[in-house]
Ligand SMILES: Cc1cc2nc3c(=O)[nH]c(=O)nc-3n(C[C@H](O)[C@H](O)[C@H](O)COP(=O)(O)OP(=O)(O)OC[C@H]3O[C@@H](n4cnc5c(N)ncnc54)[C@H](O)[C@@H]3O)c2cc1C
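The chain below stands alone, shown as structure tokens; this is the form predicted on its own.
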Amino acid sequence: MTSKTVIVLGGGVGGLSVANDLRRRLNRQHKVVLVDKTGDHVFWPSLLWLQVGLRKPDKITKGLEKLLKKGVELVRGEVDSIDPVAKRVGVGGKTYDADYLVVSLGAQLAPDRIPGLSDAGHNLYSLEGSVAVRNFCLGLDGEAKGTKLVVLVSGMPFKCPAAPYEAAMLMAHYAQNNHPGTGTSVSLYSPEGGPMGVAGPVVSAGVKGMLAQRGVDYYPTHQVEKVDPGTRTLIFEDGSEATYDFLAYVPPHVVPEVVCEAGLAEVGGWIMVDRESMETRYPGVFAIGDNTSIPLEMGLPLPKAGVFAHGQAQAVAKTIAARINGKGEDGVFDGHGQCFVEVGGGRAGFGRGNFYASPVAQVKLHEPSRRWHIAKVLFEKKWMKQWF
């Protein structure tokens, strides 16, 4: 059997999953190569706990070099170019050829697209920003009155649809329990018509109720236009304004530039794939995770979330292994997913269902309880142990 090479671009949830699964399914004569810019894997769901002092950065970050023990080759470096026809990749000035290519580069965070945003607040979707949120929460002055904490979603789409809502509720719980009576408020502004609308109206209403129960002031259909760091003011497209004392934001998301240069996506768009196989229009080239877009019947795209990237990775690994091995069935991603919704106080809600259902997603949301919080803790432990 001729030796084959599979190159996986990106060491996030999707890339890590597909590389490990392929290594398990393929004979060692075949190469599995993982390309990652930093060589580190951060368990992003735990950033929410980091933001309120329940985790430390080194406990949720692992070096990808441990994958080498499993026979996955690791290449550190920026992806400079992708040729989807030749299945050729440029990394740090070097060229790598593949028989199969999996693009899992994620969404690029672009706070500079909103004037003033990067100077005004802290990025909820970064380690540095999450540490800044933690330091602010831990340093809240019990004597301060009327501190305004604002969580801002600055554009659509964004990954992990529950994350900003969870962050707001966790901050509210922290302030209420550690600094009661100070009048510290938490507000959330988002361009969405309702929280997690892609999961359907029942789930959206359920999350909105959770926000209200925990004292978070929620302002939907508010698209920020610019931010004035000097006066700490958010200016929205409808002309309204809001002030803040501390700002934590979800930045605009865009597809990585190298993906557009490769012709895999249009500028301002995302990689289009077959929604079951995750194969692009280029045979043997697959794309998974946040750099893709899968339209749903309800008019919204499939959410960008780790649970979907993981499911897509499993399907792609099965398909590539079947083609290389000459036996077995292709994998199919069926649109099922689940999500924890942390609300504070050791409690979490839990949603699960079929996002490919017609005409709208069929998702059930379970009320917050200690059970679901413990389940997320166990999931975190399982994930870190399974892959590393």
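Here the structure is a predicted model, which means the values were calculated and not measured. Heads up: residue numbers just count along the shown sequence, starting at 1.
We do not show the form predicted in complex with this ligand, though everything after this point is about it.
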Report task. Indicate whether this ligand has at least one heavy atom within 4.5 Å of a heavy atom of residue 195 in the predicted complex. Result -> no
Query raised in the report: Should residue 189 be classed as touching this ligand in the predicted complex when contacts are defined as heavy atoms within 4.5 Å?
Result: no
Query raised in the report: Taking heavy atoms only, is residue 349 within 4.5 angstroms of this ligand in the predicted complex?
Result: no
Report task. Report yes if any heavy atom of residue 258 sits within 4.5 Å of a heavy atom of this ligand in the predicted complex; otherwise report no. Result -> yes
Query raised in the report: With the partner absent here, would 47, 78 and 290 each sit within 4.5 Å of this ligand in the predicted complex, counting heavy atoms only?
Result: yes
Report task. Note which of 134, 87, 159, 122 lies within 4.5 Å of this ligand in the predicted complex, where distance is taken over heavy atoms; exactly one does. Result -> 159
Query raised in the report: Looking at 38, 358, 354, 29, which has any heavy atom no more than 4.5 Å from this ligand in the predicted complex?
Result: 38
Query raised in the report: Of 38-46, 320-328, 358-366, 55-63, which is the one stretch near this ligand in the predicted complex, taking non-hydrogen atoms within 4.5 angstroms as near?
Result: 38-46
Query - Residues from 292-320 in contact with this ligand (non-hydrogen atom within 4.5 Å) in the predicted complex - result: 304, 305, 306, 307, 309
